[in-house]
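In structure tokens, one chain follows: the form predicted on its own.
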């Protein structure tokens, strides 16, 4: 699982983590049962306080996206077909927006030009490879 923080963003670090993980879960990049990094490990990797990552995980758990268990850690929660069927258009739009924000933050951090980023999206949607 790759989470990247944009230190120049006005969005608090815990929210950046929450949004990126939620987007990965929503897109299927993190399928049910996937174990998330331990809070202390992710905090150390990102150079954050443990409580910052813990808050992100708590919010993900409150949203029903992850489950925390003693000894097994935090895992992506299973999604029932009923839950998937009841996803609203607003939920879908929110997940899309979170994924786009995460992608945009990554492209900015890497110094990728907007037209190259858009070409990569178009290529991925069409199943091809991005020119670049």
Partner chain sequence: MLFTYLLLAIGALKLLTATAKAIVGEVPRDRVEQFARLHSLPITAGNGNQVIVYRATTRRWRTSGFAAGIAIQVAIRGPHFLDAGWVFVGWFVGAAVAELRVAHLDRGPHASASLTPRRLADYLPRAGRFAVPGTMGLCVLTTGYCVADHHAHPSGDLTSVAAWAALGLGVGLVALTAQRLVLRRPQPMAEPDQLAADDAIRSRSMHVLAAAGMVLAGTCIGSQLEAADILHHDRIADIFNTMVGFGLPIAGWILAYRPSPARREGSTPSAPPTAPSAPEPA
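Given the structure is predicted, the values throughout are model-derived calculations rather than measurements. Numbering follows the first chain given and starts at 1.
FYI, the form predicted in complex with its partner chain isn't displayed, but the following is about it.
Peer 1: 63, 67, 46, 100: which sits within 4.5 Å of its partner chain in the predicted bound form by any heavy atom?
Peer 2: For this set of options, the contacting one is 46.
Peer 1: Considering non-hydrogen atoms and a 4.5 Å limit, which listed residue (51, 107, 34, 27) is close to its partner chain in the predicted bound form?
Peer 2: Residue within 4.5 Å of the partner: 34.
Peer 1: Within a 4.5 Å heavy atom cut-off, is residue 38 in contact with its partner chain in the predicted bound form?
Peer 2: Close contact exists here: in the predicted bound form, residue 38 approaches its partner chain to within 4.5 Å, heavy atoms only.
Peer 1: Even though its partner chain is not shown here, does residue 2 get within 4.5 Å of it in the predicted bound form, heavy atoms only?
Peer 2: Flag for residue 2 set to yes.
Peer 1: So in the predicted bound form, does any heavy atom of residue 79 sit within 4.5 Å of its partner chain?
Peer 2: It does: once its partner chain is placed as it appears in the predicted bound form, residue 79 has a heavy atom within 4.5 Å of it.
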